[in-house]
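Consider the single chain below, provided in structure tokens and representing the form predicted alone.
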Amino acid sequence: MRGGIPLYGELCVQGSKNAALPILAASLLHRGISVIHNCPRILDVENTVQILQEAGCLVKWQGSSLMIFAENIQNTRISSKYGTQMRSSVIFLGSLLGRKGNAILPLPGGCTIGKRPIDLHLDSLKRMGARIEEEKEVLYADTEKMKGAKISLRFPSVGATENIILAAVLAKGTTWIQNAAREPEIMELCRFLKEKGAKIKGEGTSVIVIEGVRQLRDSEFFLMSDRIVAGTYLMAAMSAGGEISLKRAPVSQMTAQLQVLEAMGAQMKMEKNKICLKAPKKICRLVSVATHPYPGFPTDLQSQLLAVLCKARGRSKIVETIFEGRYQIVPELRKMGAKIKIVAQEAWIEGVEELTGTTVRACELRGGAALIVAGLGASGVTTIENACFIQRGYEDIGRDLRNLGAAIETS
């Protein structure tokens, strides 16, 4: 891509990756049809579709709508071909145990942004009656019947909360999740399941209660938009300059990131489902920003923010509290002229007048997107190798940015 070209125009935000994946896993719980509208055509979704098909589901795309028919689930083993491609494959533990009483899957893969242990998932499912063993990086799980339990999470893990919900929907009795994750994606999973007949209360709070039901029903569901994709495009405009509008933006879910953008000097105008941003001529520094579980500033936007702050006036600090491996992008940004010092989980950024385009390499999904953000605001040409990571979460980021006037090519 050739940087230094301000972005102008309007985009429509794609469906949410982090909501789609657990919802696709949840479709296994119903012996019938689930239709999901506004489903993003991204690599992680395509891999999840392959897992559903391996299990015995009939799956059909029609535009951005995905139909899943899950009457005949005969295979409860997830192959390493697809299971190791993404972290979210572990979410099938809850749905397969809930529906079939057994599951075999490889230890999950995905981006290399930290350890992200799954002990919270496994301990919680064991409390609900699952027997789980690990052998040669494969998980073997079975149960006579999942049973309701009172579970208190020591950390509000999104994935563990989702797995417990999936296991509890068809379980015998009632399940309480204390210190549950409050992310919008949790609320979206619960909304999907409730429309199918699940009995769930408290989503969006730290205590979620699920009363098991015998069966679910057919449903159609319109998936919410992706708050991280929306944030990425706003960060892109901050880096490149210009003025953009995002339609179908999940404004109510983006309070923390919009506050950060305004603190950096962005002029913002928000409507119910629309955000307009005008970038400042010079980006203001941020004294300190820390990532936190929702409703705090999202870790999935930390790398993009870091890329923008490389050109801010003065010294900024970012504290990463979620994933210890989020700073893999730093050596690549330094190649472009960024001045960044890492101390434990803190990044100190000394703003420079200009970044310079060069060849850099993506190591994970959000870091790859952040390199695009940096390249848009750099002088000269930036080439991103290993860009396949970016396809895991963005339908066509090159197309979208070209529509805003960026000089970017993808292959």
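Note that residue numbering begins at 1 and tracks the sequence as displayed. Since this is a predicted model, take the numbers as computed values, not measurements.
The next section is about a form of this same protein that is not shown, the form predicted in complex with a small molecule.
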item	value
Non-hydrogen atom contact residue 87 with the small molecule in the predicted bound form at 4.5 angstroms	yes
4.5 angstroms heavy atom contact with the small molecule in the predicted bound form for residue 391	no
Distance check, residue 222 to the small molecule in the predicted bound form, heavy atom within 4.5 Å	no
Contact test in the predicted bound form: residue 214 vs the small molecule, heavy atoms, 4.5 Å	no
Contacting member of 257, 157, 245, 143, with respect to the small molecule in the predicted bound form [4.5 Å, heavy atom]	157
Heavy atom within 4.5 Å of the small molecule in the predicted bound form - the one residue of 226, 300, 203, 332 that qualifies	300
Options 261 to 269, 118 to 126, 100 to 108, 73 to 81; stretch whose heavy atom lies within 4.5 Å of the small molecule in the predicted bound form	118 to 126
